[in-house]
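The form predicted on its own is given below as one chain in structure tokens.
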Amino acid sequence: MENVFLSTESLTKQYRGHAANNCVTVSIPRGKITGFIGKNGSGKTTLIRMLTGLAFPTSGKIEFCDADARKHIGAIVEAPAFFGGMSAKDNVVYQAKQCGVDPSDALSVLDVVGLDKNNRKKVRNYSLGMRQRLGIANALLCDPEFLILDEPTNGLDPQGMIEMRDLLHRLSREKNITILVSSHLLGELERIADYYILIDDGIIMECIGAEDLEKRLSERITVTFLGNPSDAADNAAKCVAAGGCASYDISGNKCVLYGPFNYRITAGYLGGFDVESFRTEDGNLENYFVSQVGEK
């Protein structure tokens, strides 16, 4: 991958003998939005905490693009906390003082996230979307090169989701901020991410760019088979070699064939699977995630 902002190598974090992250090796591209996907308890938060310096790895390493990059990280790992009886402006000024940022220079972050710095409305009366934007404003105070967001659209109404989506696109494209977004709302993530990291049980299942994923999701056939997985893999590989499909994945007793297809050729190989059932579908990120890691 060109222009990497940070990478990890064999990163492992153990708690009482359990590996919350196990030999995690990933790269995050500079100036792009990376979607971080996994079930609850899959190791997402542990990895995020290590990237931010809130936790230390048992083994392995994290390398940033330059020595000072780690000093310029903004993060919302949990629901942001504010002083409910204060305005957005007062909250940002207070936070700026805590971070050693000149308060007179700090109010520009409210403009960036679309909040009126002259509005005296108390934060306790803000909508969830406005609170999320204020949280990002606080995260932007240190002028970060890297922004980590955990579930930034969770609980937002449709308009709030659109506003958050537009904000993240602007931060990435106009300010060249590298963004890592962890989310269970895969439909929303599919609208903004340039790159994806899939994790399950502390292990990285796949890292894939949005363009490559789109090609895989164009069409697919999921075959549930009764025979030996190695025989099914051999049959699927022959189908790819013959030009019947573009690629395949096998997990358990399921084989997913990815288009584009030559259906005449593919049909000739379907019989070699000892088929229990099969279905064709246009893919989406949620279906792809389930095919890679299994049902939630």
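Everything numeric in this text was worked out from a predicted model, so none of it was measured. Numbering starts at 1 and runs along the sequence shown.
There is another form of this protein, the form predicted together with adenosine-5'-diphosphate (ADP), and it is not shown here; the text below is about that form.
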Partner contact for N235 in the model of the complex: adenosine-5'-diphosphate (ADP), 4.5 angstroms, heavy atom: no
4.5 Å heavy atom contact, S27 to adenosine-5'-diphosphate (ADP) in the model of the complex: no
Heavy atom of Y15 within 4.5 Å of adenosine-5'-diphosphate (ADP) in the model of the complex: yes
G41: touches adenosine-5'-diphosphate (ADP) in the model of the complex, heavy atom cutoff 4.5 angstroms: yes
Per-stretch contact check against adenosine-5'-diphosphate (ADP) in the model of the complex, the hit in 244-252, 42-50, 62-70, 262-270 (non-hydrogen atom, 4.5 angstroms): 42-50
